[in-house]
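One chain comes next, on its own, written out as structure tokens in the form predicted alone.
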Amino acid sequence: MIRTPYLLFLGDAPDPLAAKVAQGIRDWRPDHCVGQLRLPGCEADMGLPDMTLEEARAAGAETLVIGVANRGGTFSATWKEVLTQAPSAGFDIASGLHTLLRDDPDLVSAAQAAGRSLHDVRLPAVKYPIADGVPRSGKRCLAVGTDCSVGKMYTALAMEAEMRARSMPATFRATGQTGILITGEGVPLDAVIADFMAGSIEWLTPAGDPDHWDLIEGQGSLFHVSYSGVTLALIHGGQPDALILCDEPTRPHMRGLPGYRAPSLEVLRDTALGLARVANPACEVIGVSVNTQHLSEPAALAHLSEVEARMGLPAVDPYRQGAGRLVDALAAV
């Protein structure tokens, strides 16, 4: 188990979205967060107290969590000094990057000398099966996006909170490092060998009670040339009964791909639904989740109204407005 509370390490993140791991933990587990540690040039801010290692340890922090999710999942050379000092300052270290803590001799040596632990969250710990596509009991909902980092995880978490408040049986199923750090379990899907990706999602969402919903954390985008594979594995392995379309309407291009524009919600709907019905012919699109964080309240409401009228589906920002209308649509499936 990863010990809490956390000191969130933002490093030299170039923008807030690059620190989305820290953002997710701060938003969904604020009681786990003591403060943040930022290096010079960091352009992300979680609104937490800025602390040194010593200050955070005195405040009770147990684990330094690398809150950055960069392209390729690598350590920055500028982080090394802080990371190697953390164990002797009394910290475990947790990371969701592809570059593993356990592969750095200096970090391993520092942790062993101080009797502290290194947690590599993005490291599959199970021998997953190859998917067989056999239908299974229970219900599943998957959020799919026009792009990466548009709010798929937030949508599933907001829906789980709403469903639990209504005493509806539901479980958030984490498939990425942030979700795993929030919930304590899941599948680090983009680190699973390709042949076993869909099978890992079948394993994650096993047969359940007829009225139980698994809310599967979405990853990537079918239209993102870097990360489309994880999305398809979720669609086929998850065999969703319901899809929710996710969008962030203010981006000029897809995340990290200046030469690519995001698809329309209509194109996302038609593409994702066609692929989902390969594994579950009864799958339906039941709503739209829009990340409106960069829009004013009037602009957000106007945009949501336009999307709803155009798509014929409930359109909400579940983090800003609550997920009630999405849950209403899910209950009708």
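The first residue of the sequence shown is number 1, and the count goes up from there. All values derive from a computational prediction rather than experimental measurement.
Not pictured, yet referred to below: the form predicted together with a further copy of the same chain.
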When a further copy of the same chain is placed as it is in the predicted complex, are K20, A59 and A89 each within 4.5 Å of it, taking any non-hydrogen atom of the residue? no
So which of T78, S228, T74, T250 reaches within 4.5 angstroms of a further copy of the same chain in the predicted complex, heavy atom to heavy atom? S228
Contact with a further copy of the same chain in the predicted complex, heavy atom within 4.5 Å, among M168, L97, A161, A131 goes to A131
So if I measure heavy atom distances to a further copy of the same chain in the predicted complex, which of the stretches 149 to 157, 210 to 218, 182 to 190, 168 to 176 falls within 4.5 Å? 182 to 190
Is Q239 part of the interface with a further copy of the same chain in the predicted complex - any heavy atom within 4.5 Å? yes
Are any of the heavy atoms in L232 no more than 4.5 Å from a heavy atom of a further copy of the same chain in the predicted complex? yes
Would W203 count as a contact of a further copy of the same chain in the predicted complex, using a 4.5 angstroms cut-off between non-hydrogen atoms? no
Does any heavy atom of L222 come within 4.5 Å of a heavy atom of a further copy of the same chain in the predicted complex? yes
Using a 4.5 Å cut-off on heavy atoms, what residues in 268 to 285 are near a further copy of the same chain in the predicted complex? T271, L275, V278, A279
